[in-house]
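To begin, one chain is listed below as structure tokens, in the form predicted alone.
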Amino acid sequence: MLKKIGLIGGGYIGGVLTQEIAQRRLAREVGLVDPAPMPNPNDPPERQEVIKKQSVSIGKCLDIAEGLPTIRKDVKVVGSKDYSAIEGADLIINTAGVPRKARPDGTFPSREELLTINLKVTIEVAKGIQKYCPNAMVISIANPLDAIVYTLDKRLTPKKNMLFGMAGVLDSNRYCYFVAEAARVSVENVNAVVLGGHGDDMVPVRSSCQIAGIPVTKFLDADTLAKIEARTRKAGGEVVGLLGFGSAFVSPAWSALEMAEAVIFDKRKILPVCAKLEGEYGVNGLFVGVPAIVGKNGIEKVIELDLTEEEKAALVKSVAGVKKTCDEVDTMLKSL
């Protein structure tokens, strides 16, 4: 158990994280930060005053705190509209960012517009961490994942083992679920890993996918596996399309908690995480999804897989996409 876990972003993922941390008693205290709702300067003054008194984070924390006697858990749960709730946190999980949602006219913000907005949010996140818990380990979920983790690294300059992104655990678990469903076996039997950036060029590694230690190709044919891998790359969008709003929230929260528990309980568990590479897989200075041993010191070792030639080429393409995004980030940060 940690002394304190800080959560940044009180949306759906932040809410699930707060209640799960309390339920699992992963920390003595949970601090949840979110500035929402924020007054609209165009609203009448009386409406603005009402909004100023409201708080998503404080409200969610109060709701969860009032349920703690029911589940018999002594955990302190606090919320704030500023970053004070994360003061002294040992571990931060960052979910802060604006989702890509339709405008009133039905159009969507461009990728560049969304990236610019979320970089501004991330700069404020970094300031909050620097002020209230500069030595905290950071797990970031916010999208666009590769760009956000890269930005946090630029602003916080932490040791490389202390900052990592959550995407590989989620993408790999989606791959596992689809394989288990197709093979009609327990999800507990399936092991799989997804490498690269968190996007359409992610790399489900078929050569490492196993069912009860047996190569997946013994159970599913190449055409079925190709369809599963294509579905894995688009899985986030599939959920959004079905919901009609927001994005996946339970599976990302559970995935981040799997990483957090590996740290808290010093499991030295091998998990696919977005880690800063320094020569591994031929990559330098970029955050890329790779398997790593995760324990009390965060990322303790990156593991290099023996990939097929096709998988190597796919990873090169995925890394190129990550680099392109990070080059855009470098340009944008100069003006922010």
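Quick note: we count residues from 1 along the sequence shown, nothing fancier. Just so you know, these numbers come straight off a predicted model, no measurement behind them.
Below: the form predicted in complex with adenosine-5-diphosphoribose, not depicted.
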Margin query: Given a 4.5 Å cut-off on heavy atoms, tell me which of 153-161, 69-77, 119-127, 200-208 is the interface stretch with adenosine-5-diphosphoribose in the predicted bound form.
Written below: 119-127
Next item on the list: Just give me the single entry in 85, 192, 96, 167 that has a non-hydrogen atom within 4.5 angstroms of adenosine-5-diphosphoribose in the predicted bound form.
Entry: 96
Item checked: Interface membership of residue 59, adenosine-5-diphosphoribose in the predicted bound form, 4.5 Å heavy atom rule -> no
Next item on the list: State yes or no: in the predicted bound form, is some non-hydrogen atom of residue 39 no more than 4.5 angstroms from a non-hydrogen atom of adenosine-5-diphosphoribose?
Entry: no
Check: Is residue 13 close enough to touch adenosine-5-diphosphoribose in the predicted bound form, meaning at least one heavy atom pair within 4.5 Å?
Finding: yes
Next item on the list: Would you please decide whether residue 5 lies within 4.5 angstroms of adenosine-5-diphosphoribose in the predicted bound form, comparing each non-hydrogen atom pair?
Entry: no
Next item on the list: Identify whether adenosine-5-diphosphoribose in the predicted bound form is within 4.5 Å of every residue in the set 196, 292 and 318, based on non-hydrogen atoms.
Entry: no
Check: Within 15-39, which residues come within 4.5 Å of adenosine-5-diphosphoribose in the predicted bound form, counting heavy atoms only?
Finding: 33, 34, 35, 36
